[in-house]
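What follows is one chain in structure tokens, specifically the form predicted alone.
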Amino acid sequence: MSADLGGRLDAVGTRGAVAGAAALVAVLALGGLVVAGSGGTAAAVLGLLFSKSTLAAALRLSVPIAFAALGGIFAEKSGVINIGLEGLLIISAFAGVYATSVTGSVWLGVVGGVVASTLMALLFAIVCIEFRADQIIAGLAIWLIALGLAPFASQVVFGSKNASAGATFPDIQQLFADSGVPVLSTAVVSALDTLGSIPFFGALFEASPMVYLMFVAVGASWWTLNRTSFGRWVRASGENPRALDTAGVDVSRVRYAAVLLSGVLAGVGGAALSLSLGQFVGNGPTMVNGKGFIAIVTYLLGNYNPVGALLSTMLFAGLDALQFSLQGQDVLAIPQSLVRTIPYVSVIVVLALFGRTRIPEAAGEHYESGEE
């Protein structure tokens, strides 16, 4: 792969991160302008916006979307458009609850969710890479299969479409306190307790371990894509698979690996979603409720940069958390149904104003080794 191609890809990623940050600042500023001049209402909205509970909810809501977005980035960067992320989240959310109910461990529940999601991603990869199926149709099929399979399995195993895991993730303080290690269970817990009392940012020190894992995964994904041979192969597979093939790298293997990695990441996100609440809800659109599709929007808004995708995710999750708070306290004198649309409308506006997504040139195209 040429140095020019690598430099161009790095530039695109940097622009994505900058765009995501600018979008976050713009929406916060827009929110301030909208509520300015309405006296007590403005103060109440700003109070909710910068409350610790809103940040805590935003962090919790970000986890499944961010993990699914990271998975989507790897798949699409390799040239395989994986719009089946919603299905991967659904199946892993159920599998996480089922594995936890059997083993009694939420961590083994996460493993169960990852295994189920990865197997479904493998099915998607075989259909798309081996049998050259249309990737969009195959992705929709994965979603529909999971949408029917997970509630059905829950009905068979638990006797209801909704199931309880019997356990949830501990917060970070409880995790250290239960560790039994002298320094961690005393000094570190005491420090976290003090930091947790800080207004607004204190929520960062009272979060679930999955929130910290999300930040680690974002950094690791950025490093993998931009600083490793595998990352360069993934990017080349999505930009110029013929050049990668000429360099002696098997394009199909790279794409299989990238799609399976998307299954692993989405599996973590789905299990984190259900096990943070300790239950699986299979009624209607299930508890996933479009988060996989939102993940696609966030990584497009972030221009395939993991950091940009995280900022976009935090933007949506923050607005979603805010609308929940607004509904709970009935601050705005407008119908609740309109309040619920705030995050979706805001994301569309930001996408229209700042979205400059550059799709990988070979995304959605099939490739066989040696073809002209």
Partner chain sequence: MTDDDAGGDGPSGGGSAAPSPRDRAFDALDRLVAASATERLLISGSALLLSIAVGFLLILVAGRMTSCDTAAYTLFGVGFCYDPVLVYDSLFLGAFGDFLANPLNGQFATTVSETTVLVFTGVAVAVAFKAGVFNIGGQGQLVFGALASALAVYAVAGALSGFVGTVVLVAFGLAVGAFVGGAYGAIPGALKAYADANEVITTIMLNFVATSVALYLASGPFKDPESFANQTRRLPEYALFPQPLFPARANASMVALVLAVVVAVGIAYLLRRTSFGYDVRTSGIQPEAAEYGGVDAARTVVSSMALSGALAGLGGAVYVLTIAGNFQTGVPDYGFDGITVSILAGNNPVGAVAAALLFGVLKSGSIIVDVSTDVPPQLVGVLRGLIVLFVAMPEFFRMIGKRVDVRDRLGGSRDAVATDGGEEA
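These numbers come from a predicted model, not from an experiment. Numbering follows the first chain given and starts at 1.
Another form, the form predicted together with the partner chain, is not on view; read the next lines as being about it.
- Among heavy atoms of A207, none comes within 4.5 Å of the partner chain in the predicted complex.
- Residue contact check for V181: none of its heavy atoms lie within 4.5 Å of the partner chain in the predicted complex.
- In the predicted complex, none of the heavy atoms of Y212 sits within 4.5 Å of a heavy atom of the partner chain.
- A residue is said to contact a partner when one of its heavy atoms sits within 4.5 Å of a partner heavy atom; V347 meets this definition for the partner chain in the predicted complex.
- Only one of the listed residues (Y98, F176, Y256, W233) places a non-hydrogen atom within 4.5 angstroms of the partner chain in the predicted complex, and that residue is Y98.
- Just one of D193, D134, D250, D171 comes within 4.5 Å of the partner chain in the predicted complex, counting any heavy atom, and that one is D134.
- Listed stretches are 240 to 248, 261 to 269, 225 to 233, 150 to 158; the contact stretch with the partner chain in the predicted complex is 150 to 158, by a heavy atom cutoff of 4.5 Å.
- Although the partner chain is not shown here, in the predicted complex the stretch 268 to 300 places heavy atoms of P285, N289, G290, F293, I294, I296, V297 within 4.5 Å of it, in sequence order.
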